[in-house]
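One chain is shown next in C-alpha cells, namely the form predicted on its own.
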Amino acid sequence: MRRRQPLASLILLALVAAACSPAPTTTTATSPDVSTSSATTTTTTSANAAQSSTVGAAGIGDEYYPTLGNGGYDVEHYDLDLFYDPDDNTLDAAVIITAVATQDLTAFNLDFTGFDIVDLRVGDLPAMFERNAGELTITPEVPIASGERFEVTIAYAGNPTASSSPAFDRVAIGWREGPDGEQYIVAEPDAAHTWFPSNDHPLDKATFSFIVTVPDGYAVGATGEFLGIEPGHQVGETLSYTWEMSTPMAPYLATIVIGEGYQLVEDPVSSEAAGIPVRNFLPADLVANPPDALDDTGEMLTVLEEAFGPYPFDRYGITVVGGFPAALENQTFSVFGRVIVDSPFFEFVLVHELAHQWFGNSVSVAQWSDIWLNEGFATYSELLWIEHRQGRAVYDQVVADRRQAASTAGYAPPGLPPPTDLFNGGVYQLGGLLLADLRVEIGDDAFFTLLRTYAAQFAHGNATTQDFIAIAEDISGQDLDEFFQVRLYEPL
C-alpha cells in the first residue's frame, strides 16, 4: 500500500473552491456578432414577426442569464463534424441539430458567437438568419408546426478562441490552447455556443455525435464512447476520430481534446472495481507514469454509488491538459489541469469531479442560481471519501476545520451566489457544510435515502433547490424550512 498524503484541511479548502470553477488568469472577450445574413441573400426579421407568438423566445428563462438558451423547441441530437488545422488554428465545421418544435415556429434562435457561417439550412432548404450579440435568429422558408421534428444544418469556419463569461471575470473559457499545443474545451457555464451553435442551457439536454478530423500525429478525445478512427477526407494525411454521447447531456458538458502524443488508456483495475469501462486520455508522459490517485477511481466509484445510488452513465475517465489551473466535470470525461494533477490534493479533486457525474451532469440545475446543488454536493463527496479512508473522527475534524475556515473567509450564502461570481467559495464550502449539517439533523438513514432518492428521481433531468427541500422534508418527516433558510440565505 502506498503512503497517503497527510490531510491539510485549510489548504484543501482553498484548492477545491476552484476545482470546478476557473482560477485567476488573463482573459480576452469574444466580440459580439452583429450581422444579418442568409445562405442565399440578406434579410432582417420583421418587427411583426419578432412579436409573433410563433417566434421562439430568445431565452430559456434563466433568472441570472436571461439570454442563455432559447424557447420554442427541444434539441434531441447534435451531430458535429469538425476539421481542426493546428498549423493556422482554423476550424472548418458543420453541425446538424435535430429538434422538435414545442410551438408553431416562423422563427427561432440558437446561441452562437464567433466564426463565419458558410451555409445554413432548415431541412433541405436555405434559411434566412440574423446574428446579434450571441443570438442567431433563423427564419425557415417553411414554418415549422408544433410537434414537428426538424433539422438545422449549419456550416461555419474560423479561428476558435477562448471567451469571457458573465458568471466570472477570472478566466477564459471555451476553446483553449495548452503550452504544448493541445487544444481543449472547458465551457461551464456558457461557452458551448462559442464553438458550436446550440441551445446553451442545462434545461435542454441532447445526445451528441463527434467526428473530429486532425492531421496524422494528433489524437482526439471527447465526451462519451470512442467508436474508432478512419482516414480523413481532407487534403494531406488526416485521421477522423468518432465519439458518441448516447445519454442526454447539457451543451456546456460537451468537450473535445486534441493533442500530439495523447493516448486513450484503459484502466482494467478501476474498470473491474467499478463494473464499467474506465479509460483516460493522457499525454505521453502520464501514459508512461500515471498519477497514483488514478488507481483509486474504481474504489471512488463504489463509495459514491453506495452514497448516491447507481452511477448514471456507462463509462468514465479523465484527461489532463496544460495551462488550465482547475478541473471541470465534463460528462464521463473530466478535464484536469496539469497543476491540479501535480498537486498533493489531486485525490480529492478527482473524487469531487467524479461526484459531479451524479450532481451536475445527471441531475442538472434548472436555474444557474442553484449552482450549490452541483458544487455543494461534489464538495461533500470529498468528506465522504475522507470518512471512508480515514474514519468518522477525521471526517468530523475536517468538517469543523472547514466551518472555521469558511467563517473566516466570509463567503456569500450558497443560495444567493452573485451572478458575476457564480462559482464563489460559498457554493462549494457552505454548500458542502449544509449537507454535513443536514446529515446530523435528519440522521444517517434518512440522509442517504434522501441523496439516493434525489439522484434517482431527477436522473438525466433538472432540479431546483425547492425540489431537493421537498424530498428532504418528505423523507425525514420534518419541517426543514428554518434549517434551509438559515444555511442557504443567511451569513455563516
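None of the values given here were measured: they were computed from a predicted structure. Position 1 is the first residue in the sequence shown; the rest follow in order.
The next section is about a form of this same protein that is not shown, the form predicted together with a small molecule.
Participant: With the partner left out of view, is Tyr454 within 4.5 angstroms of the small molecule in the predicted bound form by any non-hydrogen atom?
Facilitator: Judged by the heavy-atom cut-off of 4.5 Å, Tyr454 is well away from the small molecule in the predicted bound form.
Participant: In the predicted bound form, does Phe324 have a heavy atom within 4.5 Å of the small molecule?
Facilitator: Within the cut-off, so yes.
Participant: With the partner left out here, check for me: in the predicted bound form, does some heavy atom of Glu329 sit within 4.5 Å of the small molecule?
Facilitator: Contact check for Glu329: yes, within 4.5 Å of the small molecule in the predicted bound form.
Participant: Might Asp370 be said to contact the small molecule in the predicted bound form, defining contact as any heavy atom within 4.5 Å?
Facilitator: Taking the distances in the predicted bound form, the answer for Asp370 is no, it never comes within 4.5 Å of the small molecule.
Participant: The small molecule isn't shown here, but in the predicted bound form, which of 134-142, 348-356, 68-76, 315-323 has heavy atoms within 4.5 Å of it?
Facilitator: It is the stretch 348-356.
Participant: Which one of Ala107, Leu110, Ala250, Val186 is close to the small molecule in the predicted bound form, taking close to mean a heavy atom within 4.5 Å?
Facilitator: Result of the distance check: Val186.
Participant: Here the chain is shown alone; which of Phe168, Phe115, Phe226, Phe150 has a heavy atom within 4.5 Å of the small molecule in the predicted bound form?
Facilitator: The residue in contact is Phe168.
Participant: Would you check whether the small molecule, in the predicted bound form, lies within 4.5 angstroms of a non-hydrogen atom from each of Asp200, Ala222 and Phe333?
Facilitator: Verified in the predicted bound form; spot residues all out of contact, no.
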